[in-house]
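For reference, the chain that follows is the form predicted alone, supplied as structure tokens.
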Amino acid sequence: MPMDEKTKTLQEDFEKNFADLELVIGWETGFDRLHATPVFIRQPSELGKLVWNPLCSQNLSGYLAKNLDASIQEDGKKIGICVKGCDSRSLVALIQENFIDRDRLYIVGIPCEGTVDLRRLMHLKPSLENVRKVDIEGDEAVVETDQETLRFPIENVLARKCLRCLYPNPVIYDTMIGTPLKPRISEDKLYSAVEKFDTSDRKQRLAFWKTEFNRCIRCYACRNACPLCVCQDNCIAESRKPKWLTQRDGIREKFLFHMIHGLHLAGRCTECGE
């Protein structure tokens, strides 16, 4: 099913079920057609904003546990939400941990061929502008502009998480839009990069992590974006009673924060890439 047809089907499905919904969480076009952004729809007249394309990268499930006001669910209506394969796994985890109630959700699943990483795309075409449409056709990402149609190998422009995704299809949904897809990678190759990294000695691994953590400015955007990191109100990184971390920006504090973050998500991470 072409992207434009999926968008139309998505809008029609929510319109048909809107009487039972208090809110719809999906994606809309951002400040230009090269960007997509989350949208919260409360009126059926706004459903025309909904879009689906390879730029819809955000995992919307995080909004359910963190940012929605409890009053939304008081009248018994459901919350409609769009999910890709990786998003749906986050949704399952939130349901399992009783952060959200499955019965209060109307889930529209969308098989995903992968999302475009704008940084990788702009690296290949820095002057890209006046974009009309972004699509995926087979092994190519197709970008239509007012002047030309550009084609890029998907391995050069897709988000790296998408190149190693085993779940292109939602694992939980009420309605599925489109045809199920096959993963781009086999399970035996999923962690080949990690296995290669594990063969290096301790000094090499420590040097790698020091380099990576030196880039961190402790803005906590990684924590805020993660749909399973749900305890910001009592986050150990900002707690003063007890006081675990200082506000210093040295490598020791950065290392400790990320180790705590990683341990809190061990066994819970759904590899959504957020």
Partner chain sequence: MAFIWPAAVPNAGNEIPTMLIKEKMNQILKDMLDYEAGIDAEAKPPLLTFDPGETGI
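Predicted model, so just to flag it, every value in this text is computed and none were measured. Residue numbers count along the first chain shown, from 1.
FYI, the form predicted together with the partner chain isn't displayed, but the following is about it.
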{"item": "Partner-facing stretch of 75-83, 116-124, 178-186, 142-150, counted where any non-hydrogen atom is within 4.5 angstroms of the partner chain in the model of the complex", "value": "116-124"}
{"item": "Contacting member of V131, I136, V92, L105, with respect to the partner chain in the model of the complex [4.5 Å, heavy atom]", "value": "V92"}
{"item": "Contact flag, F213 vs the partner chain in the model of the complex, heavy atom cut 4.5 Å", "value": "yes"}
{"item": "Interface membership of E5, the partner chain in the model of the complex, 4.5 Å heavy atom rule", "value": "no"}
{"item": "4.5 angstroms heavy atom contact with the partner chain in the model of the complex for Y220", "value": "no"}
{"item": "The partner chain contact at E97 in the model of the complex, heavy atom, 4.5 Å", "value": "yes"}
{"item": "L163, F208 and M259 each touching the partner chain in the model of the complex (heavy atom, 4.5 Å)", "value": "yes"}
{"item": "Residues in 236-274 close to the partner chain in the model of the complex, defined by a heavy atom within 4.5 Å, in order", "value": "H258, M259, H261, G262, L263, L265, A266, G267, R268, C269, T270, E271, G273"}
